[in-house]
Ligand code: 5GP
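Next up: just one chain, as structure tokens, the form predicted on its own.
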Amino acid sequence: MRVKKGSLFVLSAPSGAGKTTLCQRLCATLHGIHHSVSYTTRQPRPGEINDVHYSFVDRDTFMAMIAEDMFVEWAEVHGNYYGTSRKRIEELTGEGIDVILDIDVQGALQIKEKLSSVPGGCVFVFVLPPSMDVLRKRLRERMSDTDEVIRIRLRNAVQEIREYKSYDYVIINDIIDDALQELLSIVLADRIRQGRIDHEWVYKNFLEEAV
């Protein structure tokens, strides 16, 4: 086993910028990376499956999970709660599997303060739309939100974009295939960092007999 620990890749973006689609396509393309399923108190959208797109729980259950420190991060977004299971992340990264999260800026900043809780470390990626006009069009084409909700999402988008300098990489999602290739390059480059190599493997295969 050449890679000892998995990394946590944290993607944030304004709603409608395409981060969830990028995560799903990355996991379908690249071996050894898992899209973490977040917990949420919001209602499922048409076609969403429990424990596939999100783990849907009621507010009381979510509050109990907070009290038991079960989340590596959690936040209230657009009136609903979202959280990332500490156990799910640590089990996967401990097995050498990379994990990718698509979470809001609040959650990403929480994780940045808790790097010691993640075995392999974190890589932070911010996804931008090509313009606010494109973002507005994408939100309307989803046909899942009211005009008032879209206005709130656009207003929040401005506040979220202000935090892009807190991230390691920025991807502009204009053409999805190009954005996917950029995300792939980030993950592949991280996998060959010296810090991720299993040093025992190097010693046994190359150095043990030379000692």
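Everything numeric in this text was worked out from a predicted model, so none of it was measured. Each residue number is its position in the shown sequence, starting from 1.
The next section is about a form of this same protein that is not shown, the form predicted in complex with the named molecule.
Across the options 25 to 33, 40 to 48, 168 to 176, 181 to 189, residues that bring heavy atoms within 4.5 Å of the named molecule in the model of the complex belong to 40 to 48. Although the partner is absent from the chain shown here, 73, 77 and 83 each have a heavy atom within 4.5 Å of the named molecule in the model of the complex. Checking 135, 103, 99, 127 for any heavy atom within 4.5 Å of the named molecule in the model of the complex turns up a single hit: 103.
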